[in-house]
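Shown below, as structure tokens, is a lone chain in the form predicted on its own; questions about how it binds or moves come after it.
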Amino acid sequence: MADPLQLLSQRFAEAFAALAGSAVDPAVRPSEHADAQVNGALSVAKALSRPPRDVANDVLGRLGDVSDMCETVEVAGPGFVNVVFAADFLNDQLRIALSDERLGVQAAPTSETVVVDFSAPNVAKEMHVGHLRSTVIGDALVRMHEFVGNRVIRENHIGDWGTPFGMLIEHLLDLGEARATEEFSVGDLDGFYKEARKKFEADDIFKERSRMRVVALQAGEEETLRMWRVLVAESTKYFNRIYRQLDVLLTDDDLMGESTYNDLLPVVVERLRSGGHLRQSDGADVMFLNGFTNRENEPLPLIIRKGDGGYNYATTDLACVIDRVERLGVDRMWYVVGAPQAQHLQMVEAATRAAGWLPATVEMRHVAFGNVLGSDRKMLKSRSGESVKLSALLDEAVERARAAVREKNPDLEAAAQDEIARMVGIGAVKYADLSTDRVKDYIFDWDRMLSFDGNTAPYLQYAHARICSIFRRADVARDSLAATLPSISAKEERTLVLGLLQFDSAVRDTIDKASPHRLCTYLYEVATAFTGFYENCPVLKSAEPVRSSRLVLCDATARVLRTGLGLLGIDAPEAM
């Protein structure tokens, strides 16, 4: 099974190529006047200096017999080709899709190994709303790659190494491990970090102790490493609570902190030096890469090792590339990181390609994203002016959802209300983020994201729940319809089926562009098409065989909605 528009495009592409002598995009699009419209004749006519209608008719003459999929194919307007698909063809394609557990979404042509680098909180610091986008976008892309059969390696590149750990370990010693562990257990990582920083800035003795502790840490002194492990372990417990609350796939097995690459850092320097890529600048080892300059148009250095012998973030990122290419054998590396890191990642890619570590066949992709803003269009902050803690935001989402669910369905038992509130609240936060073009900023708006109208998670979740209620009222098991052949007659049925059959294209387009909002838009269009179908095509009141046929369409819609929401990491309740 494939998207009918894609199948049509393949047929027309051959006819256009035969006429133009080269590949041509037929530009097949949905149409208000037919099931599809082919617009390619306009561009070809311009290239050939011929009237578009003549070109369109010429293409139809080369098209061959398409009666197996088309009911009518007609030239219209200034040179468009309007196409109406044959009902039997649509019925058959839907039947094939429903017999497939992936609902017609095609597997990747060849399974690729894909590393997705996302979330990346810092040890001894709480996750804030700024971590939301990386975490949910990365999780959705992981789910989609796995869905089409790629081997996905999740890497949570946490900040667990460097000079701040000197002061953190010393503060841990001052507090005592028991008290520090207690603070971590109640999620007060920020308080712990701020106290350590305050002492570091105010107390010269503490500052010197911290510096000496960094030396001990980097030298591998066992007791210092043990205390460092305590900090990492307690922080990881906190991260895991957030990940469970947010319902993302990350586990301890996915942790790849900065410390993981420590032994590789000298190797990076030596390999760059032996390859003739390092230069000296103010005592530091740097790389100067073509095309990168500062504001004064001077060459911009990528610092590999500082003048004091310490390594930089770039060194760790270069080590990551070596590890992922040479140990993991990746085909793609996707970095789900904020837009401000664009130049840094571009320089890392340029450096690894110049060094010969990153083959041309391996993709390094920055999946950039914008910021979460408050109603004032500034970075979202709490009332105290600090970054909003992610755990508090998710708790509030569930509480607000509980009130909305209680208002919509007050007869639900308390336990059911709690579970649905969790699905709706967490789903609303994730969908509001994912449904926004990731490269753009978006305004965090509780009323909009929890609304049961519009392009929101509650709207899609309610559409799914409403379909489930149809089957409860019909007293029909959905799997009993497996052998029922759908029949399409009404306009709204046709619109819905055409939408359902585009699931494959929507998923593949989303992966290709690494943009979850495209799948969100598709699911919203399907839910909207279902509403039009349900309001104009009676289901339970229709006589057989129409009743069963329309129940098949209901089942197909529910399956697409549930599967699509699942690819976004969002639950689909069966009652709301």
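The first residue of the shown sequence is 1; numbering continues from there. Remember, predicted model here, so these are calculated numbers, not experimental data.
Another form, the form predicted together with ligand ARG, is not on view; read the next lines as being about it.
Proximity of Asp317 to ligand ARG in the predicted complex falls within the 4.5 Å heavy atom cutoff.
Contact annotation for Tyr431: none of its heavy atoms lies within 4.5 Å of ligand ARG in the predicted complex. With a 4.5 Å cutoff on heavy atoms, Trp446 does not count as touching ligand ARG in the predicted complex; it lies far away. In the predicted complex, Tyr335 approaches ligand ARG with a heavy atom inside 4.5 Å.
For the candidate spot formed by Asp88, Phe533 and Arg547, no residue has a non-hydrogen atom within 4.5 angstroms of ligand ARG in the predicted complex.
Picking from 351 to 359, 156 to 164, 204 to 212, 286 to 294 the stretch near ligand ARG in the predicted complex, with a 4.5 Å limit on heavy atoms, gives 156 to 164. Contact annotation: of the candidates Glu493, Glu234, Asp117, Asp504, the single residue with a non-hydrogen atom within 4.5 angstroms of ligand ARG in the predicted complex is Asp117. This chain is displayed alone, yet in the predicted complex one of His131, Arg422, Arg400, His277 has a heavy atom within 4.5 Å of ligand ARG; that residue is His131.
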